[in-house]
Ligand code: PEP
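The data below hold one chain only, encoded as structure tokens and taken in the form predicted on its own.
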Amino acid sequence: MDVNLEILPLSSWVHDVTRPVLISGPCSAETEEQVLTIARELVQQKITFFRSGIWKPRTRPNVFEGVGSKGLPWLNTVQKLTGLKVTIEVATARHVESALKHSIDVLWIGARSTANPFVVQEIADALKGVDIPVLVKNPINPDLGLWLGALERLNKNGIKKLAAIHRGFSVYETTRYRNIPTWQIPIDLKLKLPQLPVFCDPSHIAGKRDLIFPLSQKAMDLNFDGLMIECHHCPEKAWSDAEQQITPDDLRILLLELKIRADHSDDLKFVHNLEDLRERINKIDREILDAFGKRMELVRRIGDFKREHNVTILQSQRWEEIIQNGLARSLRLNLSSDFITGLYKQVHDESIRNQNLVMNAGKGMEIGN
């Protein structure tokens, strides 16, 4: 999947790009007094952008869905009295028009909207010719293509000040998180678009405030550019998402405890030792690939035997035996069970593909990929 976007650096629209660039504010704007109270406290934490939900997409009706357009002048007051730049979520062309009319500094597209190309296109069309930064949250489902597609639609319509926000992914089963992190997806996004700033929203991943710090630290350790953290002066009385909001003072403590590591070191001893360790890894990787090649050669020979004796490709008992042996050995080698299970699944899929090729050689048939 080739991706070629023209994205301006973060420094073109953020005055101070010292990590972490911080976006903070309440989940929802509730009253003008509430918004101003939180903004005045957060300005002391040197946040870059003040966030607040004006329109709230809710799963079911008859719950608080935001104050709507009447909250926009409140954010103008925040701009005037604190000097903070403000950002809100938009989900329709009408939202965009209202936000632009009220000089909102930055817009973001929520996870539910990112999942719908029609909605993203409507927003992109409403922004055509407008020079404003747009942040794009990942879609609710773990689909890198949808995330990239949203960024592409905006970029095609001239939006060059782009950033992504990782807020986790929905799953049906209950986990310790509100939305599971699945860090590999934002990492893959960063690998495809290294020039794209990536923020983390630990509030929406966590769903509860005690997980916000470790998630923030993980994001910083993965070299994310910034954080979007929900803050409320009285979280227990918040009108929405009360359990995942922290106080401005909690945010101050979080920032004091957060360890920000450099992405490189000029220390010659460090560089030499790192290069030595990496070369040793390269050697092991070559040995692993050679071993995989030899394994697949044996797999193809097994495919020949099965074809000669009219035996099926899939052998469930053998597959279970391989998994159990691998998991038992992984404990002794300090390897995670998830890693081993995922690795063996990939190896098994490739083995099935190879045996299928052998079993159906010359018949123009192949299953799996």
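Everything numeric here is computed off the predicted structure, so don't read it as measured data. Heads up: residue numbers just count along the shown sequence, starting at 1.
We do not show the form predicted together with the ligand, though everything after this point is about it.
Contact with the ligand, judged by heavy atoms within 4.5 Å in the predicted complex, is confined among 299-307, 53-61, 339-347, 313-321 to 53-61.
Not one of Ile212, Phe213 and Asp250 comes within 4.5 Å of the ligand in the predicted complex, counting any heavy atom.
Though the partner is left out of this view, Lys156 does not reach within 4.5 Å of the ligand in the predicted complex, counting heavy atoms only. In the predicted complex, the ligand lies within 4.5 Å of some heavy atom of Gly110. The ligand is not drawn, but in the predicted complex it has no heavy atom within 4.5 Å of His232. Contact check for Glu122: every heavy atom lies farther than 4.5 Å from the ligand in the predicted complex.
Counting a residue when any of its non-hydrogen atoms is within 4.5 Å of the ligand in the predicted complex, the one hit in 75-89 is Glu89.
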